[in-house]
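Just one chain is shown here, as structure tokens, and it is the form predicted on its own.
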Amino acid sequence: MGSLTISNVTKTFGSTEVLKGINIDIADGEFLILVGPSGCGKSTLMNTIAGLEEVTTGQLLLAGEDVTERSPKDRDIAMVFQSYALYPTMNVARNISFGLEMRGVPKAERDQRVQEVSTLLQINHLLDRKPSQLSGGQRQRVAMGRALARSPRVYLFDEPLSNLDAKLRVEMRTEIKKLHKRLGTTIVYVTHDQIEAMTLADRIAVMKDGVVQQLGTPNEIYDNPANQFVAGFMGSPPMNFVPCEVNSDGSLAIDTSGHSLSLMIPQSSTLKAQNIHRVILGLRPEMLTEPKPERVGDSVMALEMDFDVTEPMGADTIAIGEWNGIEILARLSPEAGLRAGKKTPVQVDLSKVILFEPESGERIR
């Protein structure tokens, strides 16, 4: 069993507290991704799980066993590093089997594991090559093969795709997802790439300043962010954030293209009842589209906007306009007839509007 419990873990370097009471329960076979900006503590948390860093306080349980004080070799955890960390003088087969050799595994069993793993990762034709003779994607497969050969209870991936080009990242992302489905092993994966997190994870832990801001499924994180940081970090292009004044009837005052509008949103009655005067309006770009007859209802509003910049993306076009002096992004069809500087009909779906408190960034519910 590969369940992992991170219980109130803190990590301090000198006077700097890098991890501030992390609590995460990871189920056996779960794919958990730690995501956040550089310096948020995600790699430090990964290193404490691996045993490469000692925790300052707290506890780590692997399958119910306390491994907090155990050395890395005694934790039954395998790690795949960003830098691959392959032995340059060894061929691929030896790189994969070396860890098993150090553990005293018989040669016949080592050779069998190398064949199994290399076939699984489709690198059996590379077994005699040295790392210098491999592409970046091939090196990453070898690094994964070395971890897989051990059959540990938990795999740790520390930004494994960050050194690859964009096309290869997408290909390797798919391979890792297929691999997890085949093996069903527990994986903890660190990345700063929110697309990687959304496409790979069973659950995502979004971190900032050593604190888990939200833990949930990709859909929960995307559709119901806990605060403005999570809402802005997850999503490409990012969520629009527009400071708004609240009218006496609970509607939001919006100025677009020189025209004042009042947006009646599902939360309007709540804002009126709570006597809230200012909010940050959060609206995903895909909620601003060209008019679509199939999307109708009380929460759908039609208006015209001036767009200063357009960014064709192939399947859709990102159009950049302005509300209340703030840049706002819309996701339109290439067939929408959009031209920069020309008024364009836009349909706004307000059903998934999210509101945030201006000072704290916390969500208003």
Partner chain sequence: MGNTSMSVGRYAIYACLVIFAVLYLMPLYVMITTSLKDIEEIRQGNLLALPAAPTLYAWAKAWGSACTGSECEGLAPFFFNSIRIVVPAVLISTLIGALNGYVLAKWRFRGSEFLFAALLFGCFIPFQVILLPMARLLATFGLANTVTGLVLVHVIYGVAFTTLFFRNFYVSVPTELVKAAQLDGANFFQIFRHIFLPISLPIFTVTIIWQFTQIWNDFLFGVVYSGQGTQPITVALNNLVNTSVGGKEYNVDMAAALIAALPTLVVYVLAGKYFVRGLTAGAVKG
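Numbering follows the first chain given and starts at 1. Just so we're clear, the structure is a prediction, and the values are computed from it rather than from any experiment.
The form predicted together with the partner chain is left out here; the points below concern that form.
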property	result
4.5 Å heavy atom contact with the partner chain in the model of the complex for all of 73, 77 and 103	yes
Proximity of residue 81 to the partner chain in the model of the complex, heavy atoms at 4.5 Å	yes
Interface membership of residue 237, the partner chain in the model of the complex, 4.5 Å heavy atom rule	no
Interface membership of residue 211, the partner chain in the model of the complex, 4.5 Å heavy atom rule	no
Any non-hydrogen atom of residue 90 within 4.5 angstroms of the partner chain in the model of the complex	yes
Contact residue in the model of the complex, chosen from 248, 132, 174, 260 - any heavy atom within 4.5 Å of the partner chain	132
Listed residue (284, 146, 169, 110) with a non-hydrogen atom within 4.5 angstroms of the partner chain in the model of the complex	146
Stretch from 325-333, 46-54, 32-40, 309-317 whose residues place a heavy atom within 4.5 Å of the partner chain in the model of the complex	46-54
Members of 133-159 lying within 4.5 angstroms of the partner chain, judged by heavy atom, in the model of the complex	139, 146, 150
